[in-house]
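Quick heads-up: it's one chain on its own, the form predicted on its own, in structure tokens.
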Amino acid sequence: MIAETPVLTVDALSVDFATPDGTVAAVREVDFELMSGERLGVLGESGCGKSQLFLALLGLLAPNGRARGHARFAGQDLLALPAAALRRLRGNRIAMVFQDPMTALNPYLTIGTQLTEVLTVHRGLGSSAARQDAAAMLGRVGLPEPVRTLERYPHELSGGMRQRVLIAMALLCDPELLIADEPTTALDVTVQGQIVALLRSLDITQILITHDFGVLAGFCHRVLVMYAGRIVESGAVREIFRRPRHPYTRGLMRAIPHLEQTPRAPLATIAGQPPDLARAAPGCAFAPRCELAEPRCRVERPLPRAIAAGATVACHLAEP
């Protein structure tokens, strides 16, 4: 059940990276609220800033990254917390399932060593109790032979099993917020369905970062659509699917393959290339690729505006 109390409030959050070619603005002035019990989807193509937005919240940016703005969680501004305080909160009250389990898991350590470390660091459990809880959590996320799995190394598990291990690791401390970054990438359709069903079964506030409309449709209550580091559209999932307002969202939906298509029919694409975030142009970042763009779109950046109940869009041409 979704409560009216926000768990997370993000205000004007921006993320910049210093590079030899100049400053890259990966995330630009993002605002949103996440309610208790809500499953929020963040949608966009690769490079739009989805992952960097949430890595910034957890203090996990690369050394050349810098975050600005505010992100309030449980009365604390995550971006202003000292590193030690953020470490106590990260993995304990906020947990993240990373995109690639093969790189997120340490290949030199057994699954049991990596899971029990979470409980000894955050909960102060002894090795025996931590091992018992870790095995129980592996069973909860549907892994067969959980005790035996504790002795295995990541390379001995399938991709779906490794993803379940990451989910188990994230849930060990009973977090208040779970962030899942592309949790179904590179998995076959059957395993994707199992992972999504597992996440749906959790009674916890969640954020799903994805570029997959199918996963998003069956999981989320609300969605944020990102392009070039900004939120260009937001709203209830049903409304986004029924009537997308932003040209970028409509382009993404047209690009979804359909079973009714003839075998030789060309797939729909969005013309052009994503913008260079190190050389931001005035106006709408999507204008060079937009079929509907007007002269105004190239010189004046559209601000997000309410266009329906609970829905916003950043487009000069969108109608209520």
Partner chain sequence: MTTLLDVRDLAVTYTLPGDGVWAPGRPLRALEDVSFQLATGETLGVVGESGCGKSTLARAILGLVPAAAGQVSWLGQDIARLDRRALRGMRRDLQIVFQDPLASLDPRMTAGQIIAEPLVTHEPGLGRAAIAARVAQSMARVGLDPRHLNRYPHEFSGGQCQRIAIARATILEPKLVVCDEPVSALDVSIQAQIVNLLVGMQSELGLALIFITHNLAIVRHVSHRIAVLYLGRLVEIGPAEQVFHAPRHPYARALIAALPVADPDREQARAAPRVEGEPPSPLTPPSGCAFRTRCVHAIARCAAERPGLEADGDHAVACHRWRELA
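Positions refer to the first chain, counted from 1. Fair warning: this is a prediction, and the values are worked out from it, not measured in the lab.
One more form of this protein exists, namely the form predicted in complex with its partner chain; it is left out here, but the text below deals with it.
Check whether L78 has any heavy atom within 4.5 Å of a heavy atom of its partner chain in the predicted complex, and answer yes or no. Close contact is absent here: in the predicted complex, L78 is far from its partner chain, nothing within 4.5 Å, heavy atoms only.
Check whether F213 has any heavy atom within 4.5 Å of a heavy atom of its partner chain in the predicted complex, and answer yes or no. It does: once its partner chain is placed as it appears in the predicted complex, F213 has a heavy atom within 4.5 Å of it.
Even though the partner isn't displayed, in the predicted complex is P295 close enough to its partner chain, meaning a heavy atom within 4.5 Å? Judged by the heavy-atom cut-off of 4.5 Å, P295 is well away from its partner chain in the predicted complex.
Can G193 be called a contact residue for its partner chain in the predicted complex at 4.5 Å between heavy atoms? Although its partner chain is absent here, G193 would touch it in the predicted complex, with heavy atoms inside 4.5 Å.
Counting any heavy atom within 4.5 Å as contact, can you tell me which stretch out of 159-167, 201-209, 98-106, 145-153 lines its partner chain in the predicted complex? Contact criterion met by 159-167 only.
Check, residue by residue, if G37, L61 and R72 all come within 4.5 Å of its partner chain in the predicted complex, counting heavy atoms only. Not one of the three qualifies.
Using heavy atoms only and a 4.5 Å cut-off, determine which of C220, V141, L177, L119 is in contact with its partner chain in the predicted complex. Only one option qualifies, and that one is C220.
Given a 4.5 Å distance limit between heavy atoms, list every residue of 22-47 close to its partner chain in the predicted complex, or none if there are none. Heavy-atom contacts within 4.5 Å come from E45, S46.
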